[in-house]
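Only one chain comes next, encoded as structure tokens, the form predicted on its own.
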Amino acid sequence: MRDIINAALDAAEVAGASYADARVVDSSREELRVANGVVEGVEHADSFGIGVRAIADGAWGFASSREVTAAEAVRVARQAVAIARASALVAGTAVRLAPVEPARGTWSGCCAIDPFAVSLEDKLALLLAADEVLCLQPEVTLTEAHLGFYRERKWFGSTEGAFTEQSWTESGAGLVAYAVREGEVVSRSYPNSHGGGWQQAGWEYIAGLDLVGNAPRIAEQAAALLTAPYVDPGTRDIILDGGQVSLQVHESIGHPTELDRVLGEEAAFAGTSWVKLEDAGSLRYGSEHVTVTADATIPGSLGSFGWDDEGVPAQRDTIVRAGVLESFLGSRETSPLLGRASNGCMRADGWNRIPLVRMTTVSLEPGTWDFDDLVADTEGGLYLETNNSWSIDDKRLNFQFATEIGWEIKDGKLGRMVKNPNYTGITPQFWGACDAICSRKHWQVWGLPNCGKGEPMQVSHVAHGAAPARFRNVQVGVGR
């Protein structure tokens, strides 16, 4: 593969590129779905190709091909340079890249048992067994169970002398039970909603989820939600479970601190950001308890790698420290605007897409509380678990989220179950109301394999570390 990448890089330089990089990506994806005891789908897809990025006359050009040969690499490189020169005809600031030591080496993610080597019969047997248990609950009239696997091998080279090879495997699974009565539908998911749980791991992760063992609890809670009350509108203290905190971090801290959004370069798909470049070092983003990091080195996280798609090494950076905005998620092109080197956040969704600024593992750092002590310390409020829906404006400032289930907290104890509890807030005020975060014992990394961004849209695999956290005086029960 090195010869093909070198052919592309040489051709780009001969054509006049001042910089070029080339990525060859070989990936496989498998999805299995069961609903109400019936196999609904078994899909497998492979993708293999090369993409070349080039700078010429101060502008970017990109071209790609599914034919991975030296001759085609040369053609694609020349096309990328031609596109760059055409782009340079439009007035703009010339591209400048922060310096980086040329990356060289190999990296691979965690995977003990290759999930692609496990038979389809065994995978479907697991899904059908879990689905059968869900169906035992009479109120549950629709069930879904799914498995997903992804494998990628990637080679990267640049005209600066970089050459790396990386490979990893991801595994995911989930269950959903829908209970229906008199036109009302409620859902309960495990281990998370909107795609289930995901890790950079093999079949051992699926086995550890114990889908069959957790199915009775999920089905019983779905049935109980049918008769549970809604939350009365008002202002309450709330404790969010780790999964909901992870989505809150994703939408209201991760996306707003992506530098391409901050600079207005990424606006069409999901908006820009309420945060400004000059806010670094001074903006009060949250309370003193809120420290957020971006870490691409956590083993098993979907946001981990050896190098990003610009050859910048994986690293850990602090985005918010004790409530104050300290840094952004950046690239070799955007980070110099802060006077800093790239913190390695450029990734592309395959060989035929340009890299964008993407989250790695953006996490709310753990606090010191035990969960039981946190509930006991809460005189009145709500404990909310598992996201059901989310809505946030295009600057990531004003939001409304709902969870599948919740429990009232009275006199420091969990009480009555409530259905579909929702809450709303303004990003800095909400994070400013965070006064307690559970300890590392309760902290885990939540994989998110479907973060959409860009046009044409790219789907990135990111993750968030989070533990249950408490927020004071939050508006709940809105819109009912």
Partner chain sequence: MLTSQEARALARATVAMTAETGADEAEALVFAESSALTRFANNRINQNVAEENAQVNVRAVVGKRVGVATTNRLDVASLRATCEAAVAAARIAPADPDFPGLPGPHDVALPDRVAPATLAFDAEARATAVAAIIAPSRERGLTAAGKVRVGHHVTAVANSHGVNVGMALTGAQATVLAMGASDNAGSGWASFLDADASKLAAGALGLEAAELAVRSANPVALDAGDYTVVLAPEAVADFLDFLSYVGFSGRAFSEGRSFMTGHLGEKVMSDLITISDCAGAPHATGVTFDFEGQPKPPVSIIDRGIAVQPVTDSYWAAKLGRPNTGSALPAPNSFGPMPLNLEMAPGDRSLAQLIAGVKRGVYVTRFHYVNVEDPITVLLTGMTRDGTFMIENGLLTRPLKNLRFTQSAVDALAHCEGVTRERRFVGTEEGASYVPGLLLSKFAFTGQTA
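Residue numbers count along the first chain shown, from 1. Not measured: the values here are computed from a predicted model.
As for the form predicted together with its partner chain, it is not shown, yet the points below apply to it.
- Only one of the listed residues (V176, I319, L356, A296) places a non-hydrogen atom within 4.5 angstroms of its partner chain in the predicted bound form, and that residue is L356.
- Comment: its partner chain is not present in this chain, but in the predicted bound form one of K413, K441, R416, R66 has a heavy atom within 4.5 Å of it, namely R66.
- The closest heavy atom approach of A402 to its partner chain in the predicted bound form falls within 4.5 Å.
- Within this chain, E266 lines the site of its partner chain in the predicted bound form, having a heavy atom no more than 4.5 Å away.
- Within 4.5 Å of some heavy atom of its partner chain in the predicted bound form lies at least one heavy atom of R396.
- Using a 4.5 angstroms limit between non-hydrogen atoms, E184 touches its partner chain in the predicted bound form.
- Stretch-level contact analysis of 284-292, 385-393, 106-114, 217-225 against its partner chain in the predicted bound form, using heavy atoms and a 4.5 Å limit, identifies 385-393.
- Although its partner chain is omitted here, in the predicted bound form none of E132, P138 and N192 has a heavy atom within 4.5 Å of it.
- Residues from 20-58 that approach its partner chain in the predicted bound form with a non-hydrogen atom closer than or equal to 4.5 Å are D26, R33, A35, V38, V39, E40, G41, V42, E43, H44, A45, D46, S47, F48, in the order they occur in the chain.
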